[in-house]
Each structure stands twice: as C-alpha cells, then as structure tokens.
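Below: one protein chain in two forms, given as structure tokens, structure 1 then structure 2.
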Structure 1
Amino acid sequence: MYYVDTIESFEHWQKLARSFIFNQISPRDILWNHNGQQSLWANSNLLEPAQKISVSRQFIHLAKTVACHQDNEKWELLYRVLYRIQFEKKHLLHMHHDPDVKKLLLMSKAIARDCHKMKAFVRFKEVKKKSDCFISWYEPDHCILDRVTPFFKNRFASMHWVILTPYKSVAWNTKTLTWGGPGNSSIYTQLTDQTEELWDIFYCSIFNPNRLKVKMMKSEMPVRFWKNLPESKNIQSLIRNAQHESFKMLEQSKKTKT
C-alpha cells in the first residue's frame, strides 16, 4: 500500500502520478489524502524515480481543470482514470457513460461554470476617482482565481485593480500582477460607489414585469452569489410588484378601449 499526504498542487500530483504509472501501481494500492498518518516517503524508495510518460493532451487539459476542484477526491479519481487510460482502455475519455469519466467531466464542467460565473459576477467598486483604481471581493466555489485572472488582466489592462477572494488575492497595476494570501470582505463592503445606484436603476428598468420567470433567473444566477451582487437587493421588490404592475397595465388598456 502507498500512502499519499495532502497534495499541494497539480504539479505535485503530476510528479507522484508519473512515478506511480511508471511503476504500474494499481489505483487500488494507493491511499490518497492520508493526512499525516503515514506518508508516501516511507515507501517512496520502493519506486523508480519519476519519468515523463506520454498522455493525451485532452487528459492533461482535463486534469489541470479538475485540479481546481474543491473536492479532494479529485486526485484519486484523476489517477484512476489515468491508470485506466494507460493500461486498460486507451479511449476511455470518449466513454461518456463510464462512471469515472462521467464524474471527471462533471467536475470539469463545474470548474468551467465557476470560471464563467466569476467573469460575470465580479463587481468592482471604484476606490479613488481619476486614478482608475478598483477593488472587488468575490467568493468562487472552487480555487479558480489563477485561471480567471488572465481574463481580467486582458480586459482591464489600463486600470489598477484588486480582486480579493477567501483563499487568495491578486492585484494589477497596469504592468504586473501581484499575488497575495486570503482576502477580507470588510474593505470592499465598507466602500460606497455612486455608480451602483445607476446600475440599480438600469437593472430595475430593463426588467419586464409581464414576463416574470424567477426560477429561470435563479438557475442562471444562483442565490448564493446574490450577497456580493449590488443589484440583487432589488430582486425581492421587483418580484413582489410585478403582478401588480402587469395587472395595472392590462386594466389601463381596457379603460382606454371602452
């Protein structure tokens, strides 16, 4: 049996996986996330040193994505799939009905969605007028800040900005990125930005009370994100007034006709 401590990163997992594969260690003989009790290093001398192995680009892409997932089972699952690709089924990743593959793809989909939602739902507040200086507090479901940062760097290249998350932070000063530790929401929540009021007005005015579809909104913009979205404070009252607004319009038109 091989015991593995907490995996620190994708590269860490990759190094271990390479030597396991090279030595043809079955996934059944490895215990992952075996925090602190007995470590791999106890029996690592049994293994040949790590060698590069050839793996499809598709798998590497998938593994790097799934590595961001907050569920620590991912390392075990990734190794099992890798092992099966190497020694059992070369085309395993095409077998969407296979339980391991299905789970892996679901995890990867969750990461992609989380990244997409972060690009959508980060809200900057202006710190100082004129200097184009902005700050945001965001709570992603997974550890995706590294993956999403290039998007913000590219889009807001000429601005100074900081994105704080509960696990990591990043700052951009128009030239370089600086990474930092866990952020704190208090700086963000205490800040007021006048433009938010205009955004609220727009949000309320673009809503059509005759087409109320709350479920649809919630499926695309899950409630857990609301607390950091300034516009969400309007949702309850918009829903509450919608029926009345819609009724008023219909009544009014009946009157003008008679």
Structure 2
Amino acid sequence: MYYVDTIESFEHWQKLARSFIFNQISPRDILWNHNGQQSLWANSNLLEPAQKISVSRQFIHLAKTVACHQDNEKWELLYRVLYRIQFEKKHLLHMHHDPDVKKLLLMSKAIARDCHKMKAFVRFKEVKKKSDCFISWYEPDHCILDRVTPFFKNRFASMHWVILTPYKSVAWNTKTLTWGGPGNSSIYTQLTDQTEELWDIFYCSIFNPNRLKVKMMKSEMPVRFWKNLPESKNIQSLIRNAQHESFKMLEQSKKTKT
C-alpha cells in the first residue's frame, strides 16, 4: 500500500501520478491523505521515477481545471480516471454517464461558474499612495485566483492593483505579478473610495423596474456576494420601490402620447 501526503499543486500531483502510472500502481493500492494534514506514513517517494507517459490533451485540460476545486478527494478521483484511461478504457472521457467522469465534469463546471462570477463581481477600491493603486477583496468558492488573474492582468494592464482572497493574494504593478499568502478582508472593507458614490448613481440610473425579476437576479448575482458589492446597499430599496416607479413610468408614457 502507498500513502500519499498532502498534494500542494497540480504539478505535484502530476509528478506523483506519472510515477504511479509508470509503475502500474492500481488506485486500490493508494491511500490519499484527504484531510490536508501532514502524514507520518507517506511513502510514495519509494517509487521508481517515471519516464514520459502519453496522456491526452483533453484529460490534461480537465485535470488542470479540476485541480482548482476545493474538494480534496479530487486528486484520488483524477488518478483513478487516469489509471482507467491508461489501462482499461482509452476513451473513458467520452462516457459521460460513468460516475467518475460525471463527477469530474461537474467539478469542471463548478470551476467555470466560479471563474465567471469572479470576473463579474470583483470590485476595486482606489488607494491613494505614491501612485494610484486599487485593491479588491473576493471570496471564491474554489482556488481559482491563478486561473482568473490573466483576465485582470489583460483588462487592467496599465493599473497597479491587488486582489486579496482568503487563501492567496496577487499584486500587479503594470510589469510583473507578485503572489502572496491569504489576504485580510478588513484592509478592503475599511477603505473608502470616492468613486463609490458615482458607481451608486450609475447603478441606480440604469435600473429598469419594468424588467425586474428578483429570482433571476439572485441567480445571476447570488446574495452571498452582496456584502462585498458597493451597489448592493441599493438593491433592496430599488426592489421595494420598483412597482411604484414602474407605475410612474407608465403614467409618464401616457402623458407623452397625449
């Protein structure tokens, strides 16, 4: 039996998986450490080093995505699927009804959804120092900061910015990225930003009460994100007054026609 200690990254898992596959170690003979704590019994280093093995790009892409998932059982699941592809069913990934494949695809969808939400709901506050700098606090469901950072790097290439999350942080100075440890939300929440007032005015001005669909809005903008969105403080009052504002717009329309 082989005991695997905490996996630190996709590259760490990839190195171990290559070695296991090279030595044809069955998933049944590997005990993965799921609790994230150091184990005294890890012995995977006893294996022969792996030579290059052939793996499809589809699996590599899927594995890199699933590696961002918070579920610690992902590493065991990825190796089990990799082993089955190598020694049992070459086209396993096309069998979407297979329980292992189905679970991997659900994890992949969760990561894609989390990335989409982060791109939409990160809000920066300006910090006045030697040069303008912007800071943001965001709480993703999964470890997606590395995956989403290129989006912000390209979109805000000329700005100095910092994104803090509960597990990792990243800073951009218009030239290089600097990675750091877990961020502190209080740094963000204590900041005041002059642009917030303008953002509030803009958000309220584009609100159309005739198109209000609360259930759909909460689906697209989950309530758990509201605490870090400056515009969220206006949402309840906009919903409460929507019917009245809609009636006013209808009356104004009738007057215009007459």
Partner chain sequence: MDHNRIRKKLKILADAAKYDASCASSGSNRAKKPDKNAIGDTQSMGICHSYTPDGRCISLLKILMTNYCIYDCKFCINRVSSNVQRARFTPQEVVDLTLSFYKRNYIEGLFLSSGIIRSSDYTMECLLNIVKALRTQHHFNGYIHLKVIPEASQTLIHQAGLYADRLSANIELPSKQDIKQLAPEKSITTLKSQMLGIRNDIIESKHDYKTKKKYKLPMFAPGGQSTQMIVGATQSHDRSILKTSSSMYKNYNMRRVYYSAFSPIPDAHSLLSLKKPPLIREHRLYQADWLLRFYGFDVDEIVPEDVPDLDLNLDPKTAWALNRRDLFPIDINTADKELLLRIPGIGLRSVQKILHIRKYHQLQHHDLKKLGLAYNRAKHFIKAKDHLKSSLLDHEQLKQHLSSESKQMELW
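Here the rigid core means the biggest group of C-alpha atoms that line up within 1.5 Å when the two forms are laid on top of each other. For numbering, take structure 1's sequence and count from 1. These numbers were taken from a predicted model, which means no experiment stands behind them.
Form predicted in complex with its partner chain - which displayed structure it is: Pick structure 1; the other is not the form predicted in complex with its partner chain.
If I superpose the two forms on their rigid core, does the C-alpha of Q70 end up displaced by 2 Å or more between structure 1 and structure 2? After core superposition, the C-alpha of Q70 moves less than 2 Å between structure 1 and structure 2.
So, does L212 move by 2 Å or more at the CA between structure 1 and structure 2, with the core held fixed? Moves: yes, 2 Å or greater.
What is the magnitude, in angstrom, of the C-alpha shift at F247 between structure 1 and structure 2 when the rigid core serves as the superposition reference? Here F247 registers a C-alpha shift of 5.0 Å.
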